[in-house]
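The form predicted on its own is given below as one chain in structure tokens.
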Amino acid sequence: MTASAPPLDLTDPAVVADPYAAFAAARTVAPVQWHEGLGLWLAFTHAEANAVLRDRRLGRIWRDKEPAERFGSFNLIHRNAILEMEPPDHTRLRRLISTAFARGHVERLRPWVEDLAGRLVDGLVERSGGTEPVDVLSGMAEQLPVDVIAELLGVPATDRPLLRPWSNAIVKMYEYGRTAAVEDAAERAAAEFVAYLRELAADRRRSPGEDLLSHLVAVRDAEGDRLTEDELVTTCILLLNAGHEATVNVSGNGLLALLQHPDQLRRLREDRTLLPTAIEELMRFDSPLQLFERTATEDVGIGGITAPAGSKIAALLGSANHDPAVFASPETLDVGRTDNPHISFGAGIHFCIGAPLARVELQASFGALLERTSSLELGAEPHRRPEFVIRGLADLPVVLTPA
């Protein structure tokens, strides 16, 4: 093995607050480095991180959390998840899920999403009135993607407040240095979520609608190849957990970046046609997911090292998205950046299946903020969540002046 990587303490508040300086320093040492504390290789550069995501010798190999009796529901929703599978299982499940998605659900929801975003921003503007800071995170960024995915799946409005607390508890299991209390909360949330979705799926089987869950149930009950009950439940949970966490954190991280770069906010306000490229740039500039693990199924040479079979290697997405070998002036926020091969949605066979929906949500929310305000200003210093892997804010106080 090569020399240990420069210290990258994922629990260090300075690294959590701004990992990009540490990434830049590490990229000058070697593209792939061993992290003794984490017990895995880290790919810092765009070329190597992209290769980690695409190399078929590096797979998502799920191993149940131990003891199995303690993590029964958490293990169930990962053992059957498309994100944790490799071909041929991944190929089969993605095809079945795509069959349901192909019914035009994303475009069907676009007007509904735009209307919801407008109403949420109107509420923020009314509470702020151009003088008082209001939390855009809780007032819009957290609510919109949960409501959208709930609408997509056909979750009744009265049950929607259950979803985000379940998701929040489950995704904390992906961080390093977890406490037993965090693990227990994740398992409870997984068990409650699984039980809820089994009941909702049974209801859709009796009374199908035009929602995605009804169509997934139809795929489950089809003749021939079909989704299992556990795959159906897991797919719904993955859509919520992966879909809304990413959108919430792009909304928060991205709006903060614009507020800290008023020239780019002004540029976007003056030219709304830049909105699609701006969304991609916000995803690149401060990535919502920072680390994605793979496992070597055989010895794999990558970035000057050999990852032995069975070892883990992780793509550092935020570091890759700031690699000066690929992005001109990577530390500069440029809402008009067109040459932008960021990997925030992943790459290869695990490229995010919900990416089109996320883009609809983000364009709707940022578009509504620009359309319904004449100015946006940071109302106080926001607080960042203390986790590294899923990077996001705890709050974002903003003063919104009506248009």
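Residues carry their position along the shown sequence, with the first being 1. The structure displayed is predicted, hence computed values, not measured ones.
Just so you know, the form predicted together with protoporphyrin IX containing FE (HEM) exists too; it's not on screen, but the next bit is about it.
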Inset, instruction - Assess the spot marked by 124, 265 and 360: is protoporphyrin IX containing FE (HEM) within 4.5 Å of a heavy atom from every one of these residues in the predicted complex? - result: no
Legend entry - Listed residue (201, 219, 171, 239) with a non-hydrogen atom within 4.5 angstroms of protoporphyrin IX containing FE (HEM) in the predicted complex: 239
Inset, instruction - Name the single residue among 292, 74, 196, 166 that comes within 4.5 Å of protoporphyrin IX containing FE (HEM) in the predicted complex, judging by heavy atoms. - result: 292
Inset, instruction - Report yes if any heavy atom of residue 345 sits within 4.5 Å of a heavy atom of protoporphyrin IX containing FE (HEM) in the predicted complex; otherwise report no. - result: yes
Inset, instruction - Considering only heavy atoms, tell me if residue 136 and protoporphyrin IX containing FE (HEM) come within 4.5 Å of each other in the predicted complex. - result: no
Inset, instruction - Determine whether any heavy atom of residue 247 comes within 4.5 Å of a heavy atom of protoporphyrin IX containing FE (HEM) in the predicted complex, and answer yes or no. - result: yes
Legend entry - Heavy atom of residue 62 within 4.5 Å of protoporphyrin IX containing FE (HEM) in the predicted complex: no
Legend entry - Answer range among 256-264, 90-98, 295-303, 173-181 for contact with protoporphyrin IX containing FE (HEM), defined in the predicted complex as heavy atoms within 4.5 Å: 90-98
Inset, instruction - Give, in sequence order, every residue of 336-354 that has a heavy atom within 4.5 Å of protoporphyrin IX containing FE (HEM) in the predicted complex, or say none if there are no such residues. - result: 344, 345, 346, 349, 350, 351, 352, 353, 354
